[in-house]
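In the form predicted alone, a lone chain appears below as structure tokens.
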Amino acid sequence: MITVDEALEALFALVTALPSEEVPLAEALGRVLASDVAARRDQPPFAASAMDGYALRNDEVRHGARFEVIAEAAAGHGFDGAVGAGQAVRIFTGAPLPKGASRVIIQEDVTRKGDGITLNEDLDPKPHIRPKGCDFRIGEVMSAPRILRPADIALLASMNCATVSVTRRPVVALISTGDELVMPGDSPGPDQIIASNTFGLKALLESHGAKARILPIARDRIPSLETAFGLAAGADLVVTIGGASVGDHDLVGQVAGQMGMDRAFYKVAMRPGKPLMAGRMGAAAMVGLPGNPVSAMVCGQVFLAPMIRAMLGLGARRTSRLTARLAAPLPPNGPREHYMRARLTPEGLVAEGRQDSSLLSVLAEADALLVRPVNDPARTTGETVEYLDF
């Protein structure tokens, strides 16, 4: 068996960052920016009023000063003339600052009668002007790679970018295996269960930026597995669930090998998820996950998610670990790295009492995977431990 870190290094060696594609900005949320983007304009493109009020010359501002209102300026409708001595322009937020003006007096600080205004006492000292380019200048760069958030989309739009170059989404083919499985909504026989892993893994993979395809269930027969692998053609990553162990009915490794898989490793010193297999099948990376539901989902979080990030150009590194204080003691860990289902509480991190790898109800209640290193000693309440968000 190899360690989790050794398995990750082998998995990263199976994949490379994918090429980019151009997409409309309106469809870029959550995508990974593939190349730097430079602003095509200043923002704002002119000095603009930050408040509703009156634009005038700052050297004339004093209590009781009177000004003639000669024009009006609004957002999208500026005043083309200039502000002279004793003059003011009624101005609204976002409007270009007229020539000659160097301050905006907010409307609450003036008394207006007809076409004239008088400045009140206790004037707000701020100029209320947004200088040209105070947000960003032409040529300033949004750097890649980065996952585009709503705020990034807004910034790119203001930089006048209608399209953006993003990394192509990795295509993942998901193959559940086993005579015991039926799809959700079907009527299982007396010896059958529902194929839950595929749907959980699809959700997990797509939450990390992949495009996952659920293929028909492969039965425990060589022709059925061969058909399933054939349907996976064109995928960047092929993931099988179940059948990767060494039982008489575990045929995934055998069939994959016959179809040209170059195996990288088999078995990882972790729990849950020991029977994990990986390699390459032609142009695609291939990962064989264990069939127990919790094992498959934990391996998806520990191994598949980092692979997807690497394929998106976000770097080949394991998922960042967080730390928390233990709210209850833990016994010593054994010779395999243990990813324990756990809950974050106000008192700290609590490991679930039942850690069986078949219990999806426990996994659904958990919001963390508490990471126990190999041969980790007993831990007491209050000690700091590492965990993964889940």
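In case it trips you up, residue 1 is the first one in the sequence shown, and so on. Fair warning: this is a prediction, and the values are worked out from it, not measured in the lab.
Not on display, but discussed next: the form predicted in complex with a further copy of the same chain.
Shown alone here, residue 96 lies within 4.5 Å of a further copy of the same chain in the predicted complex, counting heavy atoms only. In the predicted complex, a further copy of the same chain sits within 4.5 Å of a heavy atom of residue 45.
Among residues of the shown chain, residue 266 is not one whose heavy atoms approach a further copy of the same chain to within 4.5 Å in the predicted complex. Using a 4.5 angstroms threshold between heavy atoms, residue 57 stays clear of a further copy of the same chain in the predicted complex. In summary, among the residues 316, 259, 153, 171, the only one with a non-hydrogen atom within 4.5 Å of a further copy of the same chain in the predicted complex is 153. Note that among 327-335, 37-45, 344-352, 58-66, the stretch whose heavy atoms approach a further copy of the same chain to within 4.5 Å in the predicted complex is 37-45.
Contacts to a further copy of the same chain in the predicted complex (heavy atom within 4.5 Å) from stretch 278-293: 292 only.
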